[in-house]
Every structure is written in C-alpha cells, then in structure tokens.
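Given next, in structure tokens, is a single chain: the form predicted on its own.
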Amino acid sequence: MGIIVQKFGGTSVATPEGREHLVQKVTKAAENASVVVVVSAMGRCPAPYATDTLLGLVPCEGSADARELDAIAACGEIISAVVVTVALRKAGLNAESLTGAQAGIITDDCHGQARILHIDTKRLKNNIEAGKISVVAGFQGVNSKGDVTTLGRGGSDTTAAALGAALGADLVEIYTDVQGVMSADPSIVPEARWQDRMTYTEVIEMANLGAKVVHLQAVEIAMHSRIPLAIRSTFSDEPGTLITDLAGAGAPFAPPKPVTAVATTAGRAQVVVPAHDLGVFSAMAQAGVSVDMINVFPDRAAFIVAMQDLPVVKRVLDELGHEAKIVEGCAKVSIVGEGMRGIPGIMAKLAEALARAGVDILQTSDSHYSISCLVPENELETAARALHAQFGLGGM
C-alpha cells in the first residue's frame, strides 16, 4: 500500500464533532493506504490549549527566552496528538502519538522559526510496517542539543509536507475548516469559486501576494518532492483543491488557463523618492522594512511598504534627507496564473477591466506568473471584482 499523510488543523481537533469527522477521514484513508496523521493545537485563543493561550502563561520579556517559549508553545500539539490518538483507538484503529522529536524531526537552532534539516523516519516506518498510525504533533522538532524548536505559524502544514517528502508519500492532505482554495477572497469577491486544481507555482504565487491559502513552505516542499497536495475540509466530503504540477486534468496538450486567481493585499503605502541615491533600499533593509513592487526610473524610484511600517520609513527617509512623496491608503490587487507566461494581451485586458471599472492604477509590477497593480484601497473591491469577471473566474 502507498502512504498518505493527513494534517488536521486546530478547528478539526478542537471539538468532539471535529474529531469525529477526523476519525472518519483517517478510517477511510486507512482502508487503502498506510496513514500518518499530523495535528495542530486545539482551537484558537482563548481556548485553553491553543498556542497563543499557552504562550500567554509566560511573559514575553524577561526570563522567558525563545527556548522556553518554544518549549511551552509545542505543548498544544502534543496534547492534540494524545487526544486524537485516543479517539482513533476508540474507533478500533491502532494508533500511537509522537512528539516532533519522537517522529525524528531534526531542525536548526532558530527558535520560533526553525527549519527542518533532516527527518529520521525509522520509527515512522516501523509503525507503518506494523500497521500502526503515527499521530505526530505538528509545528515542532528538536535541534542537535535536544531542545524543542517550533517551525513558525502554519508550521504543522510544513511538518506534514516534510514527513510526506521523507516517507515518499503518494499524497499529503491538509484538512481545515474551508473547502479548498478559492479563485479570490470571498469577503472581497462574492463571486469567487472553489478551485478543483491548481499548480504548485500558482499557490506559491498566491501566498506571496497575500492570499492565506496554505503555509508557503509546505507547498514548496511538496513541489520539490513532486508530492500532490490536497486542501480539503474536515467537515465535508467535497474533493477540495488538488495542487500538482499541472492544473488541467485529462488534457495534457491543452494550454492552461492564463489566469486562475485574484489575490489582494490591503494596508499599503506608496513611496516615491529621487533616484539619485538608491541607498534608500539598503537603509530600509537595515531598518527591517520589507519593500515591494519596486520600480526604478532615471529620475525616481517607487516602492510600497506596509502601513504599519510607515513611521519607520519616514524616519529613515528623514535621516537620508530625502523629500519623498508618500501615498497612504493603497492596496495591491494581483492576477495569478501559470498559463500567462508568454501570452500577449494579458496586461491589456487587465488595464481595460480596471479602466472600465473606474479604478486608478498607481503602479504595476509583474513576474512570469502574476501581474500586480497598486490601487487606492477604497477601490480594492471594485478592482478585484472587475479582474475576476474579466478573466472569467466566476464561471470555471
């Protein structure tokens, strides 16, 4: 039999109802494959075992250093692993809970944002051979000194993808409280639809452009390992979204759809500075400010920053003596699609849609797989809906 890794998020493990659905998903998968389960902490703050609740038990400054914070933060997933293991055993399945360390996950020393260096799969493979389901606490590992480390927010997705890669799994399933990946944020574009299939590249691009789809590193690991990644709901039997190399199914020679999604990011400010001193970018980096949508012209340079970084940006500009033009209250709207590369007319259609909707384009940037426009934030919904309609995303 093949191997399937199933990851269940906090809403899936937090309630008896969620755990009942979880048991059903695992039981069904175990009929035809060996299963490894990864779990997140139970619920969200103020739930008693949520990660932020546990972190709130200790001060964020003073004697509680990063090592101690990791030690307590990892407890939420360990609790979930035990609770889920007991639920699986009650359903007649042979299961065993494992911490990240017991599952063989070795990381670097970067507490709070550790990266996985190696996975010793011996214990997991022994369990698979014995017909036992390993229930692994996500979000965590152990460094070379034996200290507990955590992988950053969304790290349980990364745990699942990394275990899938290390075990040579046939599929990694990410179960959450949504049905899959949508063509746009439904709170901004009500016409958004669930996607049956997307490519790794498209989902990575969406994540980079602000869409909260799945943890970025998890998709990167799945892509490098060529393991299909499915985003599904714990609470329904819908197939969800399958993320693979090819978005199309059954038509290998058909051209992919040029645009598959619209991504949005609010709360941005545009900064325009004279181009005589491009040391502004080094100064921003040293101040810890991330800049985006960089355009450099002979007489000026333009970029955008998050609104919360604006006080630091203004201080840096004052120190450099720059008289910058700053436009607050901006947002970024982007179209994403692996099929747009080399296809003429995509930018023309984008500009036409926004002009027809009366949306001002303040700045643009592009890559092989996306085109982004900076627009006034109060026109973001209009822009996103216009682009969604222009590229036929509401009728897939």
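The structure displayed is predicted, hence computed values, not measured ones. Position 1 is the first residue in the sequence shown; the rest follow in order.
One more form of this protein exists, namely the form predicted together with a small molecule; it is left out here, but the text below deals with it.
Checking 147-155, 181-189, 280-288, 236-244 against the small molecule in the predicted bound form, the stretch whose residues place heavy atoms within 4.5 Å of it is 147-155. Mapping the unseen interface onto this chain, Cys330 falls outside it, with no heavy atom inside 4.5 Å of the small molecule in the predicted bound form.
In the predicted bound form, the small molecule lies farther than 4.5 Å from every heavy atom of Glu202.
The shortest heavy atom separation between Tyr175 and the small molecule in the predicted bound form exceeds 4.5 Å. In the predicted bound form, at least one heavy atom of Thr51 sits within 4.5 Å of a heavy atom of the small molecule. Exactly one listed residue, out of Ala41, Leu350, Val336, Val35, brings a non-hydrogen atom to within 4.5 Å of the small molecule in the predicted bound form: Ala41.
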